[in-house]
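Next comes just one chain, in structure tokens: the form predicted alone.
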């Protein structure tokens, strides 16, 4: 019983709990022997009740009978499976009932799933949108039902139903990719020029613009100087975007770029990819259509196949966003919402979804490469070493 109580307290440490002991104020007038016997019997009788009461009160009041709806976009990308699993484990450990749904990258499916969560009695919604501007109908339903909404990783756009936003610092993701390229090519000292190609993310994902802008704000001075040259001429976000972050789409576009601009032996020095699924497409295209010296390739999410490619020298780096950290923060925010506490945010200026700035919590990303991936990914328990073999 004590072990069970301790584990419940540890699992729900982000929400204050109060342990109340039971006692009696009634006076005792029996003889000493009789009094001792009476007290012993009373103690035996009260102990289970005290344990049960303490155990009940150890569970956060906000969690009792509370359901959290968690809507994830797809199982097709490894990272969303990890996000969903981490979220569910953390929420259930905190005492919540969890309705976790994946929408197979179909917007109408996601709308229907969220509506079902609302009808099913969800008290809070955590939503990672397929397209940030396409869930208006479901969000209107949540607002009408007074259900708080946390946008998870991707900002929900053009809706005043959004209460909070939890994500990684998306602009910083891009700046870290750009800074990695600057350092790897030693752009501040090397003469150059170096040839660069760009594969950006999904135009339907609000984060993709932050990734692109973060990287380009670092790299644009070198492009303007002529030290970095985009041989294909495709530089703008619109020209380089990859709908739904699809590996196949990124691969097809990369193959066209290679056949049109590098088939004559021109060297490509670096390929900026906003995430791992697009990087994988570029790497597939390079393997089939390029014979020159292998370029620097960036990525994001540390997907297993990409980490394997990193180990094999086919990808230079990937931004590591530990989804366990983000899940823990969201569980904390859920608890604060339900208990009426001030919700923990650290950005109230950056993320305007078209109806106003959404209070946000930004976790800090880091990059993994061949030099530190073991420490970040294996020693931390994120992956087992066997996962990367």
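If you're wondering where the values come from, they're calculated on a predicted model, not measured in any experiment. Positions refer to the first chain, counted from 1.
Not pictured, yet referred to below: the form predicted in complex with beta-D-glucopyranose (BGC).
Asks: Looking at 279 to 287, 306 to 314, 205 to 213, 222 to 230, which one sits within 4.5 Å of beta-D-glucopyranose (BGC) in the predicted bound form if you count heavy atoms only?
Replies: Within 4.5 Å of the partner lies stretch 205 to 213.
Asks: Which listed residue (169, 90, 269, 301) meets the criterion of a heavy atom within 4.5 Å of beta-D-glucopyranose (BGC) in the predicted bound form?
Replies: Contact with beta-D-glucopyranose (BGC) in the predicted bound form is made by 301 alone.
Asks: Can you pick out, from 181, 111, 77, 94, the residue that has a heavy atom within 4.5 Å of beta-D-glucopyranose (BGC) in the predicted bound form?
Replies: Only one listed residue qualifies here, and that residue is 77.
Asks: Even though the partner isn't displayed, in the predicted bound form is residue 332 close enough to beta-D-glucopyranose (BGC), meaning a heavy atom within 4.5 Å?
Replies: Output for residue 332 is no: heavy atoms all beyond 4.5 Å of beta-D-glucopyranose (BGC).
Asks: Heavy atom to heavy atom, is residue 154 within 4.5 Å of beta-D-glucopyranose (BGC) in the predicted bound form?
Replies: Yes - in the predicted bound form, heavy atoms of residue 154 and beta-D-glucopyranose (BGC) come within 4.5 Å of each other.
Asks: Since only the chain is shown here, I'm wondering whether residue 177 would be in contact with beta-D-glucopyranose (BGC) in the predicted bound form (any heavy atom pair within 4.5 Å).
Replies: Contact check for residue 177: no, nothing within 4.5 Å of beta-D-glucopyranose (BGC) in the predicted bound form.
Asks: Is residue 71 part of the interface with beta-D-glucopyranose (BGC) in the predicted bound form - any heavy atom within 4.5 Å?
Replies: Close contact is absent here: in the predicted bound form, residue 71 is far from beta-D-glucopyranose (BGC), nothing within 4.5 Å, heavy atoms only.
Asks: For the stretch 312 to 327, return the residues whose heavy atoms include at least one within 4.5 Å of beta-D-glucopyranose (BGC) in the predicted bound form, in the order they occur.
Replies: If the 4.5 Å heavy-atom criterion is applied to beta-D-glucopyranose (BGC) in the predicted bound form, 312 to 327 yields only 321.
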